[in-house]
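This document starts with one chain, in the form predicted alone, laid out as structure tokens.
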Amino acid sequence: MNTETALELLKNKGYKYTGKREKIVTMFADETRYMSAREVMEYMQIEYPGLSFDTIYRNLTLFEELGILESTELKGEKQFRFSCPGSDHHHHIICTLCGKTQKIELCPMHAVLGTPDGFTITGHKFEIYGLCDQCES
């Protein structure tokens, strides 16, 4: 996903284009980490001081529903990041302090579960948590 693709997706789905939405999308495109709604709010309030937390959270939820953002839970709250480009199957390692993510190509699902009898797996999410080199130092 990139900024242009995300904004085009919003337009194609019939959602109004606004400077606020563009700024949120651009912010996530420039980051390689998960961010909380509070972090997004702090960033946005510099340019839009009257912006409410509800507006931020509604937009983040919309972006997640449209596949622009993906989410996880870190530090006891939902956090968001730009969706990975392409549709290749992969997972992430995530720093629990700064939220930085790194893609890993292997999928441990088959080794852990195999193919269960009487059940068709339609999706899964596997994340590994730890500390990145910068946070560990």
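Residues carry their position along the shown sequence, with the first being 1. Every value quoted in this text rests on a predicted model; they were computed, and no experiment measured them. Think of the rigid core as the biggest set of C-alphas that the two forms share within 1.5 Å after superposition.
This protein has a second form, the form predicted in complex with a further copy of the same chain, left out of what is shown; the following refers to that one.
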- [ ] Name the single residue among L62, M44, M109, A29 that comes within 4.5 Å of a further copy of the same chain in the model of the complex, judging by heavy atoms.
- [x] M109
Task: Whether E4, A37 and L51 all lie within 4.5 angstroms of a further copy of the same chain in the model of the complex by heavy atom - done: no
Task: Heavy atom of G14 within 4.5 Å of a further copy of the same chain in the model of the complex - done: no
Task: K20: touches a further copy of the same chain in the model of the complex, heavy atom cutoff 4.5 angstroms - done: no
Open item on the list: in the model of the complex, is there a heavy atom of a further copy of the same chain that lies within 4.5 Å of any heavy atom of I93, even though the partner is absent here?
Closed with: yes
Open item on the list: Residue-level question: is K100 within 4.5 Å of a further copy of the same chain in the model of the complex, judged on heavy atoms?
Closed with: yes
Open item on the list: For the stretch 42 to 68, I need every residue with any heavy atom inside 4.5 Å of a further copy of the same chain in the model of the complex, listed N to C.
Closed with: none
- [ ] Kindly check if the Cα atom of G123 is displaced 2 angstroms or more between this form and the one not shown relative to the superposed rigid core.
- [x] yes
Task: Closer or farther in the model of the complex: C-alpha pair E8, T122 (3 angstroms or more) - done: farther
